[in-house]
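Quick heads-up: it's one chain on its own, the form predicted on its own, in structure tokens.
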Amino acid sequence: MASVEIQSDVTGTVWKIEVKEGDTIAEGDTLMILESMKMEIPVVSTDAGTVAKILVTEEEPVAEGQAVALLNL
């Protein structure tokens, strides 16, 4: 089974995680919402699959390009 890393597009803080491990998602689904410079930025899935692991927690700071979740395709 292939895995894909979902990465943050911006530096910010995890505001809300919308999915949990084991959820089946479609391409384009919102996995979590980041807060950066008082803006809410969604992190969306690049592929359809199953959420294998959430790598961050709410209120955790993240860097641009940091892996925030793993998907099994």
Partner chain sequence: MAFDDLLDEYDRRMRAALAMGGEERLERRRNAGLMNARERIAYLMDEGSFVESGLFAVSHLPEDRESTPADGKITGYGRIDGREAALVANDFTVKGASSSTTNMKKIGWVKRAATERGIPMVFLGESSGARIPDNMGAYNMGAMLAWDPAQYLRLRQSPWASAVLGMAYGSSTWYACMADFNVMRKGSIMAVSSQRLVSMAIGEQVDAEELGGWRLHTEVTGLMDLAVDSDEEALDAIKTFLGYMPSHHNEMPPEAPVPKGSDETARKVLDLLPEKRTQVYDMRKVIAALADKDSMFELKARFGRTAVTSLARLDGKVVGFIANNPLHKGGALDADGCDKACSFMVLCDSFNIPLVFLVDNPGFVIGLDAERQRAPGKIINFMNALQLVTTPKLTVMIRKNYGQAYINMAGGRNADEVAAWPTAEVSFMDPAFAVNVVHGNEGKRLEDDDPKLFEKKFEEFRLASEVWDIAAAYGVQHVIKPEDTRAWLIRMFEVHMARLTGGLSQHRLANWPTSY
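Positions refer to the first chain, counted from 1. Bear in mind the structure is a predicted one, so any value in this text is a computation, not a measurement.
What comes next is about the form predicted in complex with the partner chain, which is not displayed.
Annotated contacts: Val14, Val19 and Leu70 are all free of the partner chain in the predicted bound form [non-hydrogen atom within 4.5 angstroms]. Within this chain, Met39 lines the site of the partner chain in the predicted bound form, having a heavy atom no more than 4.5 Å away. In the predicted bound form, the partner chain sits beyond 4.5 Å of every heavy atom of Glu58.
In the predicted bound form, the partner chain stays beyond 4.5 Å of every heavy atom belonging to Ala52.
Although the partner is absent here, Leu31 is not a contact residue: none of its heavy atoms lies within 4.5 angstroms of the partner chain in the predicted bound form. Counting a residue when any of its non-hydrogen atoms is within 4.5 Å of the partner chain in the predicted bound form, the hits in 2-24 run Val4, Asp9, Val10.
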